[in-house]
Structures are given as structure tokens and as C-alpha cells.
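Okay, so here's just one chain, in C-alpha cells, the form predicted on its own.
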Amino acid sequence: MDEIYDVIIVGAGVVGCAIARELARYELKTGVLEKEPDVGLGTSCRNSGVIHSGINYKPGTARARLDVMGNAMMDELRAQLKVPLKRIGKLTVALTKDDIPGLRKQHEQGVANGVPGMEMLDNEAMRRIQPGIEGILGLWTPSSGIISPYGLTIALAENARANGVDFRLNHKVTGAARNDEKNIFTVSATDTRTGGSMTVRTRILINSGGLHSDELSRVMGIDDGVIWACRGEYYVLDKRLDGTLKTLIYPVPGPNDPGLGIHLTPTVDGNILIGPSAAYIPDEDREDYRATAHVMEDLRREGLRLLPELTTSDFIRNFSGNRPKQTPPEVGGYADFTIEETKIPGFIRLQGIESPGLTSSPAIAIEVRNIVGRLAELKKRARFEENRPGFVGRFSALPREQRMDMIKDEPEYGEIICRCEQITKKEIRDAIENPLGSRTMMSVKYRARAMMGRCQGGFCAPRIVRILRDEYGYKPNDCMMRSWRSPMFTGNVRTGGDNES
């Protein structure tokens, strides 16, 4: 059998990766098991990318405490990991007098939770922040912001990997049991690419399985928590509208709404999102990320209402994300996060980590580290590299003189692969050669931002495939979009020669 780990984390979403990075500060042998071929391919990359302030959650709950704490940690984390973040603030707007009690409740919660800098604003004051905004009263929270959700997840994982954490992608946990005499867990996993099996042993087992966290808990004999998947759908708008929104604008949510309402959200990359919707879906569809025609029509109609200058060509793509809720459809609303050592010694579970899970992730990592510290000695490593090395950013955003100097040193910076986003061959190659070793098209997309422009990969995707084929030895059947269940090619138009797979 393999060497015994001190800690195994199941699930490499933003929370699992934040925990991995935090534990990498200590002399622990830590591993991560993830069923997908890359980190953050579930809920963690399929959301609005909003850094929440803490006004939405009941005082005294873990959600409220960890949201405010995580928000305060983001600026330092962003600087260390070179992840773009913008503190653009948020207006929660009462459109009618009926919305005002709910808005005042959010203000009261924000005060109790310690949210900094809040103000209640009339329409004139709101228009100084966002010209043309409607509404009779607004709650301004300047600590709210936007971040790249997949960028943060990838950065946390790659930094954890650089500090010694062992990531085993493509490994789906199929069983786990504890030997009480030896105080050891044996965890079984299946390689989702090859079908092979493996086992690992660990002293501490952390369940950060997101949408599937209740399944692992049931495997361990704990069945007091059920996850319901709630789908949120989005439209992505073209960058032509960049700058239209100066801040986040949210409606006042109802007391039992499963989400925070459909709204417009600017992104750090210049696009605007319309959404999300909120609809519970059947249990068997937890990973069904399809977009539905009637919801897309609702989003389109809402977008035109909020931004009348929209044209059909501004809607460049859609996507959806599924939230792991602990409240059933007939209840709605939110339950508190579950973060605890269970009745099984050494088994830590995290369930129901939906919004504000992204904002809370570094704070959740500290919460889990403290639990681990009660189970094992935490001795700090002599050397922990908290800063992400190398150039991580957009080449096209650099000053012209700096770009010219970089091209002299590395000519591949001078070759454009993605015209819409101005992504160079060197950026594509860096994405392909990522520290985690994942080479799906989605892995390249999330690291380099290729295939995210108006043409959605029509120009650059064939060129990326060609680089994989000619410079990395990929066969056509090796090229996958998101996972090993999503091949780019199913066969050859013609046979013979080097194109034979």
C-alpha cells in the first residue's frame, strides 16, 4: 500500500484547494483526490465571481462570520496569488416601498456582522455611483467586489502543489472505511480515465465534495445531511458593454428565495453576466449543466429591461452552475454551512457550501485547519512559498515597451493564437504546461482565457489543438473539452498518414 497520508481532502473545488494551501504551511503529508481532470470544474467555476460583503446572512451563523472574514482576507490573497480582483462595491436596490423592510433587514444584518462602510442611499446618491439606476432606496456596500472564480481556484491549487500537496486528478472516491484500532482511513478511488482502481491511507479524511458531499458522508455511515442541487443559469454579454456597469446591482431578495435574484454582474475580464436563475433540479441531474430555453428567454428579456441598448449579437454564450443546498425546495432560502468533525474520529465534513463559499473559502480553510490542529500536531514548515512565482496575468494588458522586451526574450509572446482576447502562443503553452498536468481544452481556457471571446473558440480552438498535436504529441482522440467524457473528435474524415488516431 501507499505511504500513509496525514490528510486526504476529497474534492478540489475552491474550498478544497484553499484547505490544501492552508495545510501546506505545516509539516503534513497532504493529498487531494478529485474525480475531474482539473480543479474547480464544478460549482467553483460556474458562478458570478462575486466577493460578498456579509449583509445577506443571519448574524451568528458560520455563513455570516466566514463571509466577512474571507472578504477581509481577499486583498492579501489576491496579491500573493496574482489573481485579478476589483472592489467595485454593490448596490442592493429597493424598487418599491414593499422592498424597503427587506433592505433595512440586510442593513441590520450587516451592522451585526461587522460589514464595513455601509450606507443607505436615496436615488440621487445611487445615481452618482451608477448613472441611470432606478429605485427609491439602496444599500451601498463598498467591500463587495468581483474576482475570477476559476482563476482563484487554479491559483490556490497550483500554489498548494508548489508547496508539496499531492493532487491526484481523475480519481473518483468510491469507498472509505476507518480502522479504529490503527486510527487509519482506507480510501478507494477509481481512475475516471482508465477505469483502474487505487487505495490510499490517511489519518484524517476531509470531505469537501460539494454537490456530492452527502454521498461520501453516507459511505461513512452519516446520513443526517442531504444535498439538493439548485441550478442557476447565466448569459454572458460581449465586452462591447465593458464599463456600462460601475458597480454590482442586486434586487432585494425574498425571505425564502433560493438565490439572490437575477441581476447584472460585471466580471474582472470585461464581460457582463445576466443571471443567475434559481431552480431545484432532480437528484440524478446534479451535474447536468444544460441551459434551458425558457430560462434563457427570461434572462434575455430581463437583460433588455435593465440594459435597453443590448443587441442580439451582444449575447455571446450561456452557462449554468449547480449549488449544493441543504434546504429542500419546499423550504428554500439558506441553511448554515456544515463544517465539523463528525462522530467518526478524524472525519471532517463540509456540506452545503454554496454562496458565499467563494468569498468564504480562505476563512473556511482556517476553520478546517483549526479542526485538524485538534487531531494532529501542526508544525510550521521551515519554508512556505506564499507567492505565486512567474508572470501570471494578461500579456496584452502590459505597457507596450514591456511587451516588446518580453517578445525579444521569448518570441512566442509575439504570436497571437486567440484574436478575440489577444492571447499569445506563450500564454497558451504556459497553460498547457500547468503544474497540475491537466491538458483539457477547458484547462487551457480557464488559465489563458482563450476561447472566451466573441467567436467562442472558432478561431483559436483549432490552433490550440494543432499545438497539442504537433508540439505535445496528442492524437485526435486525446483532445478533450472538459473531461474524458467529452472528446473533441470522434473519428477521422479521412484515414491515413499522420492523422490516423
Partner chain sequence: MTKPAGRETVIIGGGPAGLAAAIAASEAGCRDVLLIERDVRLGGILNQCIHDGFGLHRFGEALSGPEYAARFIERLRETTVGVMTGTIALNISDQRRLLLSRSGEMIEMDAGAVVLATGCRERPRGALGIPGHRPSGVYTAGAAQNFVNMENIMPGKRVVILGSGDIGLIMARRMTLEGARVEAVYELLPYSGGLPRNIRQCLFDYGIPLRLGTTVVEIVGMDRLEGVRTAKVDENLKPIPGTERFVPCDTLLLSVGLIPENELAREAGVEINPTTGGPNVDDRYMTSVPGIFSCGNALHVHDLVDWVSDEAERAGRAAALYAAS
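Residue numbers count along the first chain shown, from 1. All values derive from a computational prediction rather than experimental measurement.
Just so you know, the form predicted together with the partner chain exists too; it's not on screen, but the next bit is about it.
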{"property": "Proximity of residue 111 to the partner chain in the model of the complex, heavy atoms at 4.5 Å", "result": "no"}
{"property": "Distance check, residue 35 to the partner chain in the model of the complex, heavy atom within 4.5 Å", "result": "no"}
{"property": "Any non-hydrogen atom of residue 332 within 4.5 angstroms of the partner chain in the model of the complex", "result": "no"}
{"property": "Contact flag, residue 247 vs the partner chain in the model of the complex, heavy atom cut 4.5 Å", "result": "no"}
{"property": "Proximity to the partner chain in the model of the complex (heavy atom, within 4.5 Å), stretch among 157 to 165, 283 to 291, 205 to 213, 75 to 83", "result": "283 to 291"}
{"property": "The partner chain in the model of the complex: contacted by all of 129, 254 and 369, heavy atom 4.5 Å", "result": "no"}
{"property": "Listed residue (407, 375, 118, 226) with a non-hydrogen atom within 4.5 angstroms of the partner chain in the model of the complex", "result": "407"}
{"property": "Heavy atom within 4.5 Å of the partner chain in the model of the complex - residue from 439, 65, 469, 29", "result": "469"}
{"property": "Residues in 47 to 77 with any heavy atom within 4.5 Å of the partner chain in the model of the complex", "result": "none"}
